[in-house]
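Coming up is one lone chain in structure tokens, specifically the form predicted on its own.
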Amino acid sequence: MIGSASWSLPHVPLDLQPTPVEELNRLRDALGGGPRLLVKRDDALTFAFGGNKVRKMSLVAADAIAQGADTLITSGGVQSNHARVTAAAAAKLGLPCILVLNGTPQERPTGNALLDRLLGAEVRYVADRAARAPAVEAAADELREQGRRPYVIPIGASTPLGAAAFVHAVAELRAQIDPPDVIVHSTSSGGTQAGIVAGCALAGMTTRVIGISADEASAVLERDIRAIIDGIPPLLGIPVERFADLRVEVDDRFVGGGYGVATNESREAIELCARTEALFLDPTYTAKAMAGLIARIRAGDFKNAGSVLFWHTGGQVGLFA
């Protein structure tokens, strides 16, 4: 039931176990003090190098099986964490997988591209983000014409169903620690933030949730996140009104040159976390989120907060891209 750490929706286990919550005392000291710093280690999930996409895939894959799917199809960038987890779930379930990725094929695959190949996914390359959706639909139509049953997973599995996995994750967190005053995390396609915001509301937590954008403008992401939140209540059998006035907060000041483009602040975050806590961040998502957290601590934005939790959404494979 919601409010405990037990599942309330059909799911594929994917070796999910509660991820640890750890203190970041040396990082806190390096920043000159401030609130108690904690990290929720979803990078430590054991399935397919972990990350937030594993939680989402546990529910989405169960839905694919329930619908009799025989192939998983999704899209992303060449180094997409979501594509890697989709390919891994397909391999675990014995299903074919088609990945539509924008970018250029690597002569020698690295990072997630290497893992996609090892997992046996069929990769179809397109020129840019705009070309992904048509190529996904073309792949699905092609399979349907063959009498097969493809299951298309949107970018990041950022659907109400995928987000519901983070409603469960918040219940997991609540069973581990008292509610933090602030949660900071990376946000991009919006599903993780939608689930955390909804999960905090259902758990009766007044925690402030701040998503640090990896790419989109805050207004765009806030709109998308609200739309995902609105789709969660029917899945959980609760009134839509429960989420009517939820605050969605996105900070887009740390995007820099765009998606996947490192900044001086993100490079500092990667090195500082590695050298103080042996905590590895990825250059696309968590490094920019940590850069946002560091900047806010240095600016005194959290001076009235007793505790700030960084939700590590994984992606460290990107360090080897």
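For clarity, every value in this text was computed on a predicted model and none was experimentally measured. We number the residues from 1 along the sequence you see.
This next part talks about the form predicted in complex with a small molecule, which is not shown.
Annotated contact segment (heavy atom within 4.5 Å of the small molecule in the model of the complex): 189-197, selected among 69-77, 189-197, 127-135, 235-243. Among heavy atoms of Asn81, some come within 4.5 Å of the small molecule in the model of the complex. In the model of the complex, the small molecule lies farther than 4.5 Å from every heavy atom of Lys288. For the chain shown alone, Thr86 is not a contact residue for the small molecule in the model of the complex, no non-hydrogen atom being within 4.5 angstroms. Arg55 falls outside the set of residues with a heavy atom inside 4.5 Å of the small molecule in the model of the complex.
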